[in-house]
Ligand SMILES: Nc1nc2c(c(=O)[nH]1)N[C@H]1C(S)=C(S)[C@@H](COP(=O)(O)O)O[C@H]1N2
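One chain comes next, on its own, written out as C-alpha cells in the form predicted alone.
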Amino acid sequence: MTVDFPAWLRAAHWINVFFLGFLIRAGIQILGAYPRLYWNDNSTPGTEWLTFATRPIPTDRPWTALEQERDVSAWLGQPGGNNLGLGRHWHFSAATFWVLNGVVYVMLLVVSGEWQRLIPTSWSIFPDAWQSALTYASLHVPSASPGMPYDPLQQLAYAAVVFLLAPFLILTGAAQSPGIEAQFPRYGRLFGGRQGARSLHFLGLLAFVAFIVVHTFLVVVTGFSRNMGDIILGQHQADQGAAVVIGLALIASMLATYALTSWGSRRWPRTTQHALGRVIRPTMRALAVRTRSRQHYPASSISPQLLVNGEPPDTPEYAQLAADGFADWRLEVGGLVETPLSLTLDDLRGMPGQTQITKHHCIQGWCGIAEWGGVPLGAILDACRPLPAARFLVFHSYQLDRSGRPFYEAVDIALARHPQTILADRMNGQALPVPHGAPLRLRVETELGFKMVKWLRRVDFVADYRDIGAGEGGSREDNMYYEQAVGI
C-alpha cells in the first residue's frame, strides 16, 4: 500500500528541523551566561540542582554574577563565545519562525485530514506502542500500523512531540518573561516561578535532543533510502537515490548555515543585532511596555541573598559622595521638560512613596525577590512636566560601561507611568546598599534587570535615543548587543 507524504508536510518538517537547530544552539548560548539551574526563585548559591559552571562561587570576597559567564564553543552555541545578547536575538527570532511554522502545520493537519495519521484515536495505541518498543529492544523493526506510514510507538512519539513537548517549551519559555510574570503572577507559579520554568525549559531541551537522536537513529536503521524517499519526495517508491542525495545536501546546507551565521554574527555583531532585532522587537516591546506589573509577594518570599550584577562606581566623585552618606548628592532631571529638577534624597523622601515586594529578573537567567521602597516615577513626571516631544527617559549612572563612558539606559516614557515603576532608595526596609545601586536606582518591573540603572545621577527626557552613545538605546545595547526593550 502506498502511503505518501504531502508536499506541505515535508516542507514543514524540514523548516521545523532548520529552526529547531537554531533554537537549541542559541539556547545553549543563553545557558552559558549563567550555567546554574535552580528550583527556587532565590537563585541562592549552593542550592542549584545542576551546574555547568567552571568557576566556583567565591566565598572570601564580594563577587558579581557576571563572573559566572562562560564562553560557549561555536560548535555548540549560536553564535559562540561570550555573546548572550546575540544568542538571545537568535533564540527569539528562531522561535518566532518555529512557532509560525508549527501553527501553519497544525492548521493544515486539521484541514487536510492528515491529523488522523498522527493523533491516536484509540487507547489501544499504548499497548501497541509497548509491543513496538519490545520489538525494537529485540533488535527487530516492528511493522507499521495498517494504513499508517509508521508503527504505533512512532505515532505516539510524534504526537507527543508535536502536541505536548513543543507547547510545553513555549509555555515554559513564556513563564520566564518578566513582563508576563509581572502581570500574571499566578501563571509563573504554575511552573514553580522563573527558575522552575527555566529548569523545566532545559529538561524540555534535553527531551527534544533525545528525540532527535533516537529519531535519526531509527531513520537510519529502518531503511535510510526508503525513509528519505518518504520525507524528500513523498513516498518510498520514488527514486530513493535522488532522495538520499537531496536529503544529505539539505542537511549539509543547514549545518553550513549554522556555521556561517555563527561566524558572521561574531564578525558583524551590530549588523546581526539590527537584522534580528527587526524580527523580535515588536514582541519585546509589547511584553515590556504594554504589560503592567501586579506583583505582591509576601515578606516571607524575600530572598536571603539577592545576587549582584555590576561593580559599583570607582570614581573619586562617587567615593566622596558615598563617604558623606550622599548628603551632597543630587538627582538632576532635565531635557524636554517644562521644569528641570535638582532633587536631594530628602526631597525624594518628602514625596509620596510606595513599597513593593517584586521579583528581579536578570538577563543572565537568575532572579531574586526583594522589597523596594521609593518614589513612583510618575510623581517625577508630574513635577517636571515633560514636553509633548519627549518619548524616552534616559537614565545616567555614576558607573562606567565597558567602553569607559558613563553607563546609561533609555526607557520608553510609557513605562514611567506604570504603577510599580519607582526610583528606589530603600531595599528590604534599609537604605539602599551600595552594591545594589545607592543612593538611588530605577525599578521597572516588566523589564530585565540591566534596564534598571543603579547609582543614578541624572535623568534626561529625549525625543530619540539614537544620538546617544552608539545609538542603540543603552550601554548594554551599545556594547553587548542586547535588545532595547526586554520583556523576556
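Predicted model only: the values in this text are computed from it and were never measured. Note that residue numbering follows the sequence shown and begins at 1.
There is another form of this protein, the form predicted in complex with the ligand, and it is not shown here; the text below is about that form.
Are any of the heavy atoms in R476 no more than 4.5 Å from a heavy atom of the ligand in the model of the complex? Close contact exists here: in the model of the complex, R476 approaches the ligand to within 4.5 Å, heavy atoms only.
Flag S293 as yes or no: does it have a non-hydrogen atom within 4.5 angstroms of any non-hydrogen atom of the ligand in the model of the complex? Result no; S293 lies far from the ligand in the model of the complex.
Is it the case that L306, even though its partner is missing from this view, gets within 4.5 Å of the ligand in the model of the complex, heavy atoms only? Heavy-atom contact with the ligand at 4.5 Å: present for L306.
Using the partner position in the model of the complex, report whether K454 sits within 4.5 Å of the ligand, counting heavy atoms only. It does: once the ligand is placed as it appears in the model of the complex, K454 has a heavy atom within 4.5 Å of it.
Residue stretch of 308-316, 342-350, 189-197, 133-141 approaching the ligand in the model of the complex, non-hydrogen atom distance within 4.5 Å: So the stretch in question is 308-316.
With the ligand left out of view, choose which of Q155, Q273, Q399, S145 has a non-hydrogen atom within 4.5 angstroms of it in the model of the complex. Of the candidates Q155, Q273, Q399, S145, Q399 is the one lying within 4.5 Å of the ligand in the model of the complex.
Output the sequence-ordered list of residues from 103-124 with at least one heavy atom within 4.5 Å of the ligand in the model of the complex. Result: empty, none.
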